[in-house]
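Only one chain is given next, in C-alpha coordinates, and it is the form predicted on its own.
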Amino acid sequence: MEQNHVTIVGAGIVGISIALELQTQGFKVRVLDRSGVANEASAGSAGAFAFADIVPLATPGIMLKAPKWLLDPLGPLSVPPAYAVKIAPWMLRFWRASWRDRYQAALAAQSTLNGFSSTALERQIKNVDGEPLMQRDGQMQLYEGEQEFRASLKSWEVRRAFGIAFEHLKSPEEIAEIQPGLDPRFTHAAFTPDWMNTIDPRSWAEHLAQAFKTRGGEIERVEVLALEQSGDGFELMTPNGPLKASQVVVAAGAWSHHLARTLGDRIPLETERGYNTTLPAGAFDLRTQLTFGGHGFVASRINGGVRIGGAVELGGLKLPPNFKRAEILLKKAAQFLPTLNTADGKQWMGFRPSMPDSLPVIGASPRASKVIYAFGHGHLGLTQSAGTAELVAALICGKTPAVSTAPYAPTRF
(Lines give C-alpha, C1' and ligand atoms only; values in the text may rest on other atoms or scores of the structure.)
Protein backbone atom coordinates (compact mmCIF):
# COMPACT_ATOMS: atom_id res chain seq x y z
CA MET A 1 0.00 0.00 0.00
CA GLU A 2 1.04 3.62 -0.50
CA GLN A 3 2.82 5.50 2.29
CA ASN A 4 -0.05 7.96 2.71
CA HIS A 5 -2.39 5.07 3.57
CA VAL A 6 -3.04 4.35 7.26
CA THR A 7 -4.96 1.44 8.76
CA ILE A 8 -6.48 1.99 12.20
CA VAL A 9 -7.43 -0.98 14.35
CA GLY A 10 -10.31 0.15 16.55
CA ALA A 11 -13.49 2.12 15.82
CA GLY A 12 -14.10 3.47 19.31
CA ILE A 13 -14.03 7.18 20.02
CA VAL A 14 -10.21 7.30 19.98
CA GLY A 15 -9.80 5.35 16.74
CA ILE A 16 -12.53 7.27 14.91
CA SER A 17 -11.11 10.61 16.09
CA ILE A 18 -7.67 9.63 14.81
CA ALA A 19 -9.14 8.51 11.49
CA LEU A 20 -10.91 11.83 11.00
CA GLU A 21 -7.82 13.87 11.91
CA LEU A 22 -5.54 11.89 9.59
CA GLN A 23 -8.08 12.27 6.82
CA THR A 24 -8.06 16.03 7.42
CA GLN A 25 -4.26 15.91 7.07
CA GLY A 26 -4.58 14.31 3.61
CA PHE A 27 -4.18 10.62 4.42
CA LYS A 28 -6.28 7.81 2.98
CA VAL A 29 -7.56 5.96 6.03
CA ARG A 30 -9.15 2.59 6.65
CA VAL A 31 -10.62 1.61 10.04
CA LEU A 32 -11.03 -2.00 11.12
CA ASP A 33 -13.02 -3.10 14.17
CA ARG A 34 -14.24 -6.41 15.54
CA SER A 35 -17.72 -5.15 16.44
CA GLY A 36 -18.30 -1.85 14.64
CA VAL A 37 -18.34 1.84 15.56
CA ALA A 38 -18.46 2.59 19.31
CA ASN A 39 -19.77 -0.83 20.25
CA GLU A 40 -17.51 -1.31 23.27
CA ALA A 41 -16.50 1.15 26.04
CA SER A 42 -17.23 4.21 23.89
CA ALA A 43 -20.95 3.45 23.80
CA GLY A 44 -21.53 3.21 27.53
CA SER A 45 -19.47 6.02 29.02
CA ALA A 46 -21.01 8.81 31.08
CA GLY A 47 -20.65 11.06 28.04
CA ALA A 48 -18.36 13.46 29.92
CA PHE A 49 -15.45 15.48 28.59
CA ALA A 50 -13.86 15.42 32.02
CA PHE A 51 -11.05 17.93 31.52
CA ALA A 52 -11.11 18.76 35.25
CA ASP A 53 -10.28 15.14 36.15
CA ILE A 54 -6.51 15.44 36.28
CA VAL A 55 -5.81 13.49 39.48
CA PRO A 56 -4.60 9.91 38.73
CA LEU A 57 -6.25 6.98 40.46
CA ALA A 58 -2.86 5.98 41.89
CA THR A 59 -2.50 8.72 44.52
CA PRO A 60 -0.09 8.70 47.49
CA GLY A 61 -1.55 6.58 50.28
CA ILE A 62 -4.16 4.86 48.14
CA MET A 63 -2.81 1.40 48.94
CA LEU A 64 -3.76 1.96 52.58
CA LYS A 65 -7.38 2.24 51.43
CA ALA A 66 -7.21 -0.50 48.80
CA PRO A 67 -7.58 -3.55 51.11
CA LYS A 68 -10.90 -2.24 52.44
CA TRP A 69 -12.17 -1.62 48.92
CA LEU A 70 -10.91 -4.87 47.48
CA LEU A 71 -12.63 -6.91 50.20
CA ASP A 72 -16.02 -5.44 49.26
CA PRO A 73 -17.16 -7.22 46.07
CA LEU A 74 -19.69 -4.45 45.40
CA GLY A 75 -17.51 -1.52 46.48
CA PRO A 76 -16.18 1.30 44.27
CA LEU A 77 -12.92 -0.61 43.58
CA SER A 78 -12.84 -4.40 43.55
CA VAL A 79 -10.94 -7.36 42.16
CA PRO A 80 -12.86 -10.63 41.74
CA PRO A 81 -11.03 -13.44 43.60
CA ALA A 82 -10.78 -15.41 40.36
CA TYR A 83 -8.67 -12.61 38.86
CA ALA A 84 -6.54 -11.61 41.85
CA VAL A 85 -3.41 -13.62 40.97
CA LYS A 86 -3.41 -12.55 37.33
CA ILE A 87 -3.64 -8.86 38.14
CA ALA A 88 -0.93 -8.90 40.84
CA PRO A 89 1.88 -7.58 38.54
CA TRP A 90 -0.35 -4.68 37.42
CA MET A 91 -1.23 -3.86 41.03
CA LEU A 92 2.48 -3.74 41.88
CA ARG A 93 3.03 -1.16 39.14
CA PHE A 94 -0.08 0.70 40.33
CA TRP A 95 1.43 0.87 43.82
CA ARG A 96 4.72 2.22 42.42
CA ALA A 97 2.81 4.81 40.39
CA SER A 98 1.29 6.10 43.65
CA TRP A 99 4.70 7.09 45.05
CA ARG A 100 5.01 10.84 45.26
CA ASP A 101 7.63 11.20 42.50
CA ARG A 102 5.64 9.19 39.94
CA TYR A 103 2.33 10.69 41.06
CA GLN A 104 3.51 14.28 40.56
CA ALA A 105 4.79 13.48 37.07
CA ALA A 106 1.54 11.70 36.15
CA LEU A 107 -0.52 14.58 37.50
CA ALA A 108 1.38 17.08 35.34
CA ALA A 109 1.12 14.83 32.27
CA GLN A 110 -2.61 14.27 32.74
CA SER A 111 -3.24 18.00 33.16
CA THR A 112 -1.24 18.76 30.01
CA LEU A 113 -3.08 16.19 27.91
CA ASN A 114 -6.49 17.24 29.22
CA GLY A 115 -5.78 20.91 28.56
CA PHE A 116 -4.60 20.21 25.03
CA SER A 117 -7.56 17.87 24.42
CA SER A 118 -9.98 20.61 25.47
CA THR A 119 -8.80 22.92 22.70
CA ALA A 120 -8.55 20.02 20.24
CA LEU A 121 -12.17 19.10 20.98
CA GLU A 122 -13.36 22.58 20.06
CA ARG A 123 -11.55 22.22 16.72
CA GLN A 124 -13.14 18.81 16.23
CA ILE A 125 -16.65 20.09 17.03
CA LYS A 126 -16.23 22.88 14.50
CA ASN A 127 -14.85 20.47 11.89
CA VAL A 128 -17.96 18.27 11.98
CA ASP A 129 -20.65 20.80 12.98
CA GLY A 130 -21.02 18.94 16.26
CA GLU A 131 -22.34 21.61 18.61
CA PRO A 132 -25.93 20.22 18.63
CA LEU A 133 -24.53 17.06 20.26
CA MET A 134 -22.92 18.96 23.16
CA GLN A 135 -24.23 19.82 26.64
CA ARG A 136 -22.30 22.62 28.37
CA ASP A 137 -23.93 22.36 31.79
CA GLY A 138 -21.00 21.85 34.18
CA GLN A 139 -20.55 19.15 36.81
CA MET A 140 -21.15 18.93 40.54
CA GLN A 141 -19.10 16.82 42.95
CA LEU A 142 -21.19 16.11 46.06
CA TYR A 143 -20.13 15.59 49.68
CA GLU A 144 -21.97 14.20 52.68
CA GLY A 145 -21.10 16.54 55.52
CA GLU A 146 -18.33 18.89 56.54
CA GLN A 147 -15.76 16.15 57.18
CA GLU A 148 -15.97 14.61 53.70
CA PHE A 149 -15.88 18.07 52.13
CA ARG A 150 -12.78 19.12 54.07
CA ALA A 151 -11.04 15.89 53.11
CA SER A 152 -11.52 16.87 49.45
CA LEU A 153 -10.03 20.36 49.71
CA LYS A 154 -6.46 19.28 48.97
CA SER A 155 -7.51 17.78 45.63
CA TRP A 156 -9.33 21.00 44.73
CA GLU A 157 -6.25 23.07 45.52
CA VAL A 158 -4.34 20.81 43.13
CA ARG A 159 -6.91 21.56 40.44
CA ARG A 160 -6.71 25.28 41.21
CA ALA A 161 -2.93 25.15 40.74
CA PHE A 162 -3.49 23.72 37.26
CA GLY A 163 -5.96 26.45 36.29
CA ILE A 164 -9.23 24.56 36.68
CA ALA A 165 -12.19 26.79 37.55
CA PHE A 166 -14.57 25.68 40.28
CA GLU A 167 -16.93 27.02 42.94
CA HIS A 168 -17.50 25.54 46.40
CA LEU A 169 -21.11 25.27 47.61
CA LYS A 170 -21.56 24.98 51.36
CA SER A 171 -25.24 24.35 51.96
CA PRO A 172 -28.08 22.26 50.52
CA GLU A 173 -29.74 25.52 49.50
CA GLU A 174 -26.76 26.60 47.39
CA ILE A 175 -26.65 23.14 45.82
CA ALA A 176 -30.38 23.26 45.01
CA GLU A 177 -29.95 26.49 43.05
CA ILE A 178 -28.00 24.45 40.47
CA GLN A 179 -29.51 21.00 41.00
CA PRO A 180 -32.78 20.65 42.94
CA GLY A 181 -34.10 17.31 44.11
CA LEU A 182 -31.08 15.98 46.00
CA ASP A 183 -31.28 14.28 49.39
CA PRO A 184 -30.30 16.81 52.11
CA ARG A 185 -27.47 14.52 53.27
CA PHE A 186 -25.40 16.31 50.61
CA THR A 187 -24.42 19.46 52.44
CA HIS A 188 -21.41 20.55 50.38
CA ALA A 189 -20.37 20.42 46.73
CA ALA A 190 -17.86 21.66 44.18
CA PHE A 191 -19.20 22.90 40.86
CA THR A 192 -16.98 22.96 37.75
CA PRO A 193 -18.76 25.26 35.26
CA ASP A 194 -16.56 24.52 32.25
CA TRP A 195 -17.31 20.79 32.32
CA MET A 196 -19.19 19.52 29.28
CA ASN A 197 -20.92 16.35 28.12
CA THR A 198 -22.21 14.96 24.88
CA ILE A 199 -25.90 14.15 24.63
CA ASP A 200 -24.89 10.52 23.97
CA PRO A 201 -21.35 9.12 23.53
CA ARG A 202 -22.47 6.58 20.94
CA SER A 203 -24.22 9.26 18.91
CA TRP A 204 -21.12 11.48 19.05
CA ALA A 205 -18.84 8.67 17.85
CA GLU A 206 -21.30 7.79 15.09
CA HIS A 207 -21.48 11.45 14.05
CA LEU A 208 -17.68 11.53 13.70
CA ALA A 209 -17.73 8.22 11.84
CA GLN A 210 -20.35 9.49 9.40
CA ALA A 211 -18.28 12.60 8.70
CA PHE A 212 -15.27 10.35 8.10
CA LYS A 213 -17.17 8.09 5.69
CA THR A 214 -18.79 11.01 3.85
CA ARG A 215 -15.30 12.34 3.14
CA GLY A 216 -14.16 9.03 1.67
CA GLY A 217 -13.05 7.02 4.69
CA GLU A 218 -13.53 3.26 4.99
CA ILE A 219 -14.81 1.38 8.04
CA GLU A 220 -14.81 -2.42 7.90
CA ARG A 221 -16.08 -4.84 10.52
CA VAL A 222 -13.37 -7.45 10.93
CA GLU A 223 -11.36 -8.76 13.86
CA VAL A 224 -7.60 -8.25 13.72
CA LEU A 225 -5.90 -11.13 15.52
CA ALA A 226 -2.23 -10.25 15.06
CA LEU A 227 0.24 -7.90 13.39
CA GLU A 228 3.16 -9.25 11.40
CA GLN A 229 5.91 -7.23 9.75
CA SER A 230 6.19 -7.93 6.04
CA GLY A 231 8.87 -6.12 4.06
CA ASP A 232 8.33 -2.37 4.46
CA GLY A 233 4.80 -2.89 5.73
CA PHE A 234 2.60 -5.21 7.74
CA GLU A 235 0.13 -8.01 7.42
CA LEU A 236 -2.91 -7.80 9.69
CA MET A 237 -4.08 -11.32 10.39
CA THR A 238 -7.86 -11.74 10.37
CA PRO A 239 -10.21 -14.78 10.32
CA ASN A 240 -10.65 -14.08 6.60
CA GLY A 241 -6.96 -13.98 5.82
CA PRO A 242 -4.24 -11.30 5.94
CA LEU A 243 -4.74 -7.63 5.06
CA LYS A 244 -1.79 -5.52 3.97
CA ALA A 245 -0.97 -2.15 5.53
CA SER A 246 1.91 0.30 5.23
CA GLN A 247 1.21 2.18 8.49
CA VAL A 248 -0.90 1.04 11.43
CA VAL A 249 -2.48 2.70 14.45
CA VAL A 250 -3.55 0.37 17.26
CA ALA A 251 -6.50 1.98 19.07
CA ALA A 252 -8.39 -1.17 20.04
CA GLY A 253 -9.06 -0.24 23.65
CA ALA A 254 -8.92 -3.11 26.12
CA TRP A 255 -7.77 -5.53 23.40
CA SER A 256 -4.80 -3.41 22.29
CA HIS A 257 -2.07 -5.01 24.40
CA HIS A 258 -2.82 -8.39 22.85
CA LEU A 259 -2.06 -6.95 19.41
CA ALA A 260 1.06 -5.21 20.75
CA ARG A 261 2.30 -8.53 22.08
CA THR A 262 2.15 -10.07 18.58
CA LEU A 263 4.88 -7.57 17.65
CA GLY A 264 6.85 -8.44 20.79
CA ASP A 265 5.78 -5.41 22.87
CA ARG A 266 4.63 -6.19 26.40
CA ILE A 267 2.52 -3.30 27.70
CA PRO A 268 0.88 -3.55 31.17
CA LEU A 269 -2.69 -2.77 30.16
CA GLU A 270 -5.53 -3.98 32.38
CA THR A 271 -9.29 -3.96 32.04
CA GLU A 272 -11.61 -1.98 34.28
CA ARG A 273 -15.10 -3.33 33.91
CA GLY A 274 -17.56 -0.43 34.17
CA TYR A 275 -21.28 -0.83 34.86
CA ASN A 276 -24.26 1.43 34.33
CA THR A 277 -28.02 1.64 34.00
CA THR A 278 -29.59 4.08 31.54
CA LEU A 279 -33.07 5.31 32.43
CA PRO A 280 -35.42 6.75 29.80
CA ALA A 281 -36.32 10.41 29.26
CA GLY A 282 -38.28 11.89 32.14
CA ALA A 283 -36.65 9.74 34.85
CA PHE A 284 -35.34 12.83 36.67
CA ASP A 285 -34.82 16.53 36.01
CA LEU A 286 -31.03 16.34 35.82
CA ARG A 287 -29.48 19.74 35.10
CA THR A 288 -25.76 19.02 35.47
CA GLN A 289 -23.62 15.90 35.78
CA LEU A 290 -23.57 14.72 39.40
CA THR A 291 -20.55 12.94 40.83
CA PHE A 292 -20.97 10.92 44.02
CA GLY A 293 -17.26 10.49 44.66
CA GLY A 294 -17.62 8.77 48.02
CA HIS A 295 -19.66 6.05 46.33
CA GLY A 296 -17.77 5.78 43.04
CA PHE A 297 -20.47 6.67 40.54
CA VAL A 298 -22.01 9.51 38.53
CA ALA A 299 -25.40 10.52 37.16
CA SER A 300 -25.32 12.05 33.69
CA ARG A 301 -27.97 13.13 31.19
CA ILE A 302 -28.11 10.88 28.12
CA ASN A 303 -30.67 11.61 25.39
CA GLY A 304 -32.91 13.31 27.95
CA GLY A 305 -32.71 10.32 30.30
CA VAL A 306 -30.31 9.53 33.13
CA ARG A 307 -27.30 7.21 33.11
CA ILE A 308 -26.19 5.92 36.52
CA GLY A 309 -22.76 4.35 36.25
CA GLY A 310 -19.23 3.99 37.48
CA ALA A 311 -17.18 1.92 39.93
CA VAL A 312 -13.98 0.05 39.11
CA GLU A 313 -13.90 -3.74 38.82
CA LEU A 314 -10.49 -5.00 37.74
CA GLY A 315 -11.66 -8.26 36.24
CA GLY A 316 -10.25 -8.69 32.74
CA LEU A 317 -12.09 -9.54 29.55
CA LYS A 318 -13.31 -13.08 30.18
CA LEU A 319 -15.14 -13.24 33.52
CA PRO A 320 -18.95 -13.00 33.26
CA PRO A 321 -20.43 -9.62 34.22
CA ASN A 322 -21.69 -9.06 37.76
CA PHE A 323 -24.75 -6.87 37.24
CA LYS A 324 -25.30 -6.67 41.00
CA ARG A 325 -22.82 -3.81 40.73
CA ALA A 326 -25.18 -1.90 38.42
CA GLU A 327 -28.11 -2.70 40.70
CA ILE A 328 -26.39 -1.39 43.83
CA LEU A 329 -25.46 1.85 42.06
CA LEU A 330 -29.04 2.36 40.93
CA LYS A 331 -30.33 1.64 44.43
CA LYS A 332 -27.98 4.26 45.87
CA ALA A 333 -28.99 6.76 43.20
CA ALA A 334 -32.66 6.28 44.17
CA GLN A 335 -31.74 7.18 47.75
CA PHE A 336 -29.72 10.23 46.73
CA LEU A 337 -32.29 11.45 44.17
CA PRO A 338 -35.61 10.69 45.90
CA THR A 339 -37.83 11.44 42.88
CA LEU A 340 -35.73 9.33 40.47
CA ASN A 341 -37.92 6.92 38.49
CA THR A 342 -35.86 3.72 38.22
CA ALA A 343 -38.29 1.85 35.94
CA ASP A 344 -37.37 0.58 32.48
CA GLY A 345 -33.62 0.94 32.90
CA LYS A 346 -31.18 -0.73 30.51
CA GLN A 347 -28.07 -2.28 32.08
CA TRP A 348 -24.64 -2.30 30.45
CA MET A 349 -21.11 -3.47 31.18
CA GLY A 350 -18.03 -2.41 29.22
CA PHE A 351 -14.25 -2.66 29.31
CA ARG A 352 -12.12 0.40 30.07
CA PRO A 353 -8.46 -0.01 29.03
CA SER A 354 -6.34 1.19 31.97
CA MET A 355 -2.66 1.68 32.66
CA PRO A 356 -1.18 1.55 36.19
CA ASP A 357 -0.32 5.28 36.17
CA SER A 358 -3.69 6.39 34.67
CA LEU A 359 -1.91 7.77 31.57
CA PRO A 360 -2.63 6.49 28.06
CA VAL A 361 -0.11 4.95 25.69
CA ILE A 362 0.60 7.28 22.76
CA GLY A 363 3.66 6.60 20.65
CA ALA A 364 5.44 4.31 18.22
CA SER A 365 6.12 0.66 18.89
CA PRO A 366 9.80 0.27 19.82
CA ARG A 367 9.90 -2.71 17.44
CA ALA A 368 8.03 -1.17 14.50
CA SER A 369 8.23 2.60 13.98
CA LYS A 370 5.28 2.59 11.58
CA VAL A 371 2.95 1.19 14.23
CA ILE A 372 1.57 3.86 16.54
CA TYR A 373 -0.14 2.91 19.77
CA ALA A 374 -3.07 4.98 21.06
CA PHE A 375 -4.86 3.24 23.90
CA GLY A 376 -5.13 2.88 27.68
CA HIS A 377 -7.09 6.06 28.41
CA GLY A 378 -9.06 4.48 31.26
CA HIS A 379 -11.94 6.76 32.29
CA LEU A 380 -10.76 9.52 29.95
CA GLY A 381 -11.12 8.02 26.49
CA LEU A 382 -13.83 10.43 25.37
CA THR A 383 -12.11 13.30 27.17
CA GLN A 384 -8.74 12.79 25.52
CA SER A 385 -9.88 11.47 22.13
CA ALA A 386 -9.53 14.68 20.09
CA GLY A 387 -6.18 15.54 21.67
CA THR A 388 -4.85 12.02 21.13
CA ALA A 389 -5.93 12.23 17.49
CA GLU A 390 -3.89 15.39 16.88
CA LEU A 391 -0.83 13.95 18.63
CA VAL A 392 -0.99 10.71 16.62
CA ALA A 393 -1.42 12.65 13.37
CA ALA A 394 1.65 14.73 14.19
CA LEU A 395 3.71 11.59 14.84
CA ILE A 396 2.63 10.01 11.55
CA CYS A 397 3.30 13.24 9.66
CA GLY A 398 6.80 13.42 11.15
CA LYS A 399 6.00 16.71 12.93
CA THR A 400 6.77 17.70 16.49
CA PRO A 401 3.59 17.13 18.53
CA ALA A 402 2.00 20.17 20.19
CA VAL A 403 2.78 18.60 23.57
CA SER A 404 5.53 16.12 24.36
CA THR A 405 4.40 12.49 24.09
CA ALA A 406 7.28 11.28 26.31
CA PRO A 407 5.06 10.77 29.41
CA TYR A 408 2.80 8.50 27.36
CA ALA A 409 5.55 6.43 25.70
CA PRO A 410 4.91 2.68 25.28
CA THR A 411 8.36 2.04 26.75
CA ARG A 412 7.85 3.87 30.06
CA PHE A 413 7.36 0.64 31.98
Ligand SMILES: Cc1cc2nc3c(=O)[nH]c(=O)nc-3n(C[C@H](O)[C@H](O)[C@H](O)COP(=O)(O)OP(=O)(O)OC[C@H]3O[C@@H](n4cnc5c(N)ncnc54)[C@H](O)[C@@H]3O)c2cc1C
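Owing to the predicted nature of the structure, the values given are computational and were not obtained by experimental measurement. Numbers follow the displayed sequence, beginning with 1.
The same protein also has a form predicted together with this ligand, omitted here; what follows describes it.
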Report task. Check, residue by residue, if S45, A48 and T383 all come within 4.5 Å of this ligand in the predicted bound form, counting heavy atoms only. Result -> yes
Query - Any non-hydrogen atom of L32 within 4.5 angstroms of this ligand in the predicted bound form - result: yes
Query - Any non-hydrogen atom of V158 within 4.5 angstroms of this ligand in the predicted bound form - result: no
**Report entry** Interface membership of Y275, this ligand in the predicted bound form, 4.5 Å heavy atom rule
**Finding:** yes
Query raised in the report: Any chance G363 has a heavy atom within 4.5 Å of this ligand in the predicted bound form?
Result: no
Report task. Go through 124-132, 222-230, 78-86, 103-111 and give me the stretch that gets within 4.5 Å of this ligand in the predicted bound form, heavy atoms only. Result -> 222-230
Query raised in the report: Of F284, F94, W255, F191, which one comes within 4.5 Å of this ligand in the predicted bound form, counting heavy atoms only?
Result: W255
Query raised in the report: Does any residue in 14-32 get within 4.5 Å of this ligand in the predicted bound form, counting heavy atoms only, and if so which ones?
Result: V14, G15, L32
